[in-house]
Structures are given as structure tokens and as C-alpha cells.
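Given next, in C-alpha cells, is a single chain: the form predicted on its own.
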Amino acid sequence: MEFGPHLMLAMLEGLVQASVLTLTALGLSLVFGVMRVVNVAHGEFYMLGAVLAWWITSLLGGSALIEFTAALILAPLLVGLLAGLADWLILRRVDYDPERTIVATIGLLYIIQQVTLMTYGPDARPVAPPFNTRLALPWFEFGENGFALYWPWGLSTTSYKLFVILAAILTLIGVWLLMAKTKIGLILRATQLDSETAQAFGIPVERIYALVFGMGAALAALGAVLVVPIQQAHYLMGADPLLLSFIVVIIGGLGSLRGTVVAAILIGMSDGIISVFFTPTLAKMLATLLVAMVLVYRPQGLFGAKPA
């Protein structure tokens, strides 16, 4: 295959990775932006979404479309409820103190991981995609005879991967509408700006924190449900998404949803392209180097607010 079509395939793979990474990092950024706490267990909520998707599809039986639709709805909802319960049982008890919260979520990470290992097992297990039609992709070039459009052999993708990209875009639009156009979004933004003043005006800040923590975990679980037909569910699959989510949030700016989206697309695309042409290890090394450069030259991130 020529370089141009090969690059297009790499970009498509990068878009799929960027779509899932955007949802995962958006959940982490939302939690930090509103609650000012770092959720180290975020990757395990991602893993839990994938494992629950496998459980749901295995228990239901029937057509792959019905099974996957049920998993797409139920898994993020269950993970979000579990995260809200964890907020009530653990984070509220340590008064959302940043240092103690890090320690508490590290403990939560190991609890979720080991319970999953004891119940789900160590094996990686697949979830059947609801549809997986192979689609030929066109390529174009400019030659002596002008513009030419053709379908090179081997340049194709699946309908499900295009669905993952579309689902991520629709979810991002939904989160933006929630934050910018609804009353609950106004309450979230008020709590983010000044939680003490918000509480003085009668906003139940602790309930808002539980809601936000659940939403962040649900977004991570949604990304995992979308990716599990491509990558099998495994009890250790939360480490890489957690690392990449931290990289995205640091580059985009802590608490900046816009920065998170831009950085996730940047990291996801570069990770996908570099992994295709070189190795995934090189992609992670370059992403880490980029974080170091951002921390040195722009500590607040690309879109983060400068400290007063």
C-alpha cells in the first residue's frame, strides 16, 4: 500500500483512540474541575465499564445489537452509581482533602481491581460488536491528468469504528449542552467557581460532588463500552487510559473541558499514527515528553487559567 492510503488508515485508528480518550479524560477533567480532587481510581472505573459490558452481553443473550445497546446504557449507569456510592462512603468522610483523597482513591483502585479479579477472572474476554460491516475507503491524488479518486486495495475500515467516533461526538455535544444550557450545568459551574459561596446560596454541594464523581466515572465507563468490541475486557486494562487521561488533562489544562477535548484529539491522533508506523512505546514516550515541555513552559496547560 502507498504511503498516502496507509497514513489515512493510521489517522482513522488515531481518531478512534482519540474518541475514547476524549470521553475518559473528560470525566477526569470534570471531577477535578468541580471537586478539585484527583481521582486515581478513574482507570478502574473505565475497566469496570468494559467488564460490566461483557457481563451484560453474556447474561442477556439474543442479537448482538440488543445486547450491546443494553450494555451501552446499563454499564455507565451502574458505574456512575457505584462512583456516587464511593463518594458518599469514602471521599465525603475525608472532607475532599486533596492529599487524603489521592490516598483514598488509590485504595479504591486496588479494591475494584482485586474484586474484579476474584469475580471476573484474569482472562481477557471479547464483546461482539453490534455491527461490523467492512467499508472500502476512497483515496485521491493529483497527477498529470488532474484530480483522481480511486479505491485502493486494502484501504477499508469497519462501520463500528465509525460509530465509535460518531458516538463520542454526540456525547461531547450532550455534555456541552448540559454544562452550558441547563440549570444543573449552571449549578455545576457555580460550584466549580466557588463551592463555599454556592453552598451559602443553598446549593447542596455534597450532592453535587457525588453527582459529578458519578458522571466522571460514567463517562469513563462509556468510553470502555465503546472500545471493548475492539479491545477485549481485562481486569488490568485501566492503567493505560488512566495515564493517557492524566497526560491529556495536564496538557489541556486542569479543569478546562475545552482543553481536554483539544489535547485528547492531539494525543489520541498522534498515539494512533505513531503506533501504526513505529511502536506504541514510542508514542507513550513522546506524549510524556510533551507533558514535560508543557509543565516547563506553560504549567497551567494549553487552555488552563493562569494562577492569580
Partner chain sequence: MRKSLTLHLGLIALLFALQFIAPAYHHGNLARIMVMASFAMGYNIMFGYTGLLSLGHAMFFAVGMYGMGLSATQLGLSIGPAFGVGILSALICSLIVGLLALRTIGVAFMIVTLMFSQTIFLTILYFGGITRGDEGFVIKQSTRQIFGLDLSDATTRYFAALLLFSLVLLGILWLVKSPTGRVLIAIRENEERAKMLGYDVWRHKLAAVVMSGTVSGAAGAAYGVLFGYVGASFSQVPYSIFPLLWVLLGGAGTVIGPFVGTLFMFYLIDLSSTVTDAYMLVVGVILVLLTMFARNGLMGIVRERWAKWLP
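In this text the structure is predicted, and so the values were computed from the model without any measurement. Residue numbers count along the first chain shown, from 1.
Beyond what is shown, the protein has a form predicted in complex with the partner chain; the following relates to that form.
You can rule out all but one of 53 to 61, 66 to 74, 273 to 281, 260 to 268: in the model of the complex, only 273 to 281 has residues with a heavy atom within 4.5 Å of the partner chain. Of the listed positions (L89, I184, I173, A180), a single one reaches within 4.5 angstroms of the partner chain by any non-hydrogen atom in the model of the complex, namely L89. Using a 4.5 angstroms heavy atom cutoff to the partner chain in the model of the complex, none of A10, A124 and Y160 count as contacting. Although the partner is absent here, Y110 is a contact residue: one of its heavy atoms lies within 4.5 angstroms of the partner chain in the model of the complex. For the chain shown alone, I230 is not a contact residue for the partner chain in the model of the complex, no non-hydrogen atom being within 4.5 angstroms.
Taking the partner from the other structure, the partner chain in the model of the complex has a heavy atom within 4.5 Å of a heavy atom of V115.
Mapping the unseen interface onto this chain, D194 falls outside it, with no heavy atom inside 4.5 Å of the partner chain in the model of the complex. Applying a 4.5 Å heavy atom cutoff to the partner chain in the model of the complex picks out T281, L282, K284, M285, T288, L289, V291, A292, M293, L295, V296 from 280 to 296, in order along the sequence.
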